[in-house]
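In structure tokens, one chain follows: the form predicted alone.
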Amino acid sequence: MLAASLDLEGARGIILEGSSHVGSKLLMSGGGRCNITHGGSIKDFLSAYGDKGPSFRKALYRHSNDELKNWLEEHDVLLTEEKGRIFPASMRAKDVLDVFTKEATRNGWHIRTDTKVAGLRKKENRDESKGDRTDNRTDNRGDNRKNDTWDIELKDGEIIKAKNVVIATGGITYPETGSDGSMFEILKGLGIGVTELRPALAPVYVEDYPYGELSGVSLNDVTVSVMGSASATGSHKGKGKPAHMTGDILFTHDGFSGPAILNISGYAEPGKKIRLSYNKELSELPKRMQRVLQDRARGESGDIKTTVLASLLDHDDFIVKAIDDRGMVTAGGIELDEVDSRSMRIKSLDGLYAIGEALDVNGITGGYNLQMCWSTASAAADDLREQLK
């Protein structure tokens, strides 16, 4: 996304891809259809990222969903909308990936696959004759040294030198796509703060799950609460207030999934209570589910206890056993205090940027996470473009 929007104008730029193909995770997004963003006003996006949203107001407003939609359509990717979610009209994620790689190449970027980064060091060149560092500054805010470079060490021992480095390595989920979390250890070695990494937008598994026979059945308008998390937009630690989400859920053979579950999964830590309020009469539920609930409400005599049945409909409580480790996105990442949200620069290290899922921000389902990637990438591109000038 950054390379597709940044013409290098004769400078050299390299994309280092650790896996054998670029864009593998993009190809998986939206079930292979690529839910590239969400419709509506960009001002409504902030709440989709919880309490982290306001930190990225500048990047989101400057590079909005409308800008992304216009850019794609200008590059012959027609779009369609489903319940607010924006997809390519072809419903093929590959069409979105192809335009990004085509424009990146046209802008002068070289893509290297199977190229794994093993280390990153800041190198300050010195004037050997004086035994001191040369003091040549750029004209861009006066905060970069012309002779400063980054040494990027690859796994095979090769060293690549770069004036600027952008961290766009994703999170920890689906490591086969390249998001294996290895870059975070390198960043910690540079003194950069990284918050706890965990899967988000993931199915939830509970103790004594009773709905295995309903696998594939979905329900709408279900309120899901996690008891003990701070809020649906706050900390994951401590007791605090419940987190709530209302939407569709999906029963699987071994746990709960669907949009409402995925959106709240970041708060459903093992040991916490998850509550489902079905917001329906028994007769409005699928027949198989009615039978399961009735069986669960039977007393020792075999009679269905109506008070128990009513309770299950209103608050079906379970203890969280685990969160699927293959969440759609990663919660946690580079601490936001480390990053200038206007330019995406790492404040403590000249020439280092971070964008997308590598940052400690994640959103609900619906295209919000890819929009964050686009907006932060474009903000970094703005800053780099000024340097090229």
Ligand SMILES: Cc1cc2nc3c(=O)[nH]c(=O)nc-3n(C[C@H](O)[C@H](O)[C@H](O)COP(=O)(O)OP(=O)(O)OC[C@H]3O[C@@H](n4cnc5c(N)ncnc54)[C@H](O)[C@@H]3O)c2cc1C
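Sequential numbering from 1, following the sequence displayed. Owing to the predicted nature of the structure, the values given are computational and were not obtained by experimental measurement.
The discussion below concerns the form predicted together with this ligand, not included here.
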Discussion item. With the partner left out here, check for me: in the predicted complex, does some heavy atom of residue 329 sit within 4.5 Å of this ligand?
Written reply: yes
Worksheet item: For residue 379, is any heavy atom within 4.5 Å of this ligand in the predicted complex, or not?
Response: no
Worksheet item: Do residue 18 and this ligand come within 4.5 Å of each other in the predicted complex, heavy atoms counted?
Response: yes
Worksheet entry | Proximity of residue 315 to this ligand in the predicted complex, heavy atoms at 4.5 Å | no
Item to complete: Decide if the three candidate residues 199, 206 and 324 all line this ligand in the predicted complex, where lining means a heavy atom within 4.5 Å.
Response: no
Worksheet item: Out of the stretches listed (285-293, 182-190, 300-308, 206-214), which one is close to this ligand in the predicted complex, meaning heavy atoms within 4.5 Å?
Response: 182-190
Worksheet entry | One residue of 249, 264, 274, 168 in contact with this ligand, assessed in the predicted complex (non-hydrogen atom, 4.5 angstroms) | 168
Fill in: 123, 116, 110, 253 - the one with a heavy atom within 4.5 Å of this ligand in the predicted complex
116
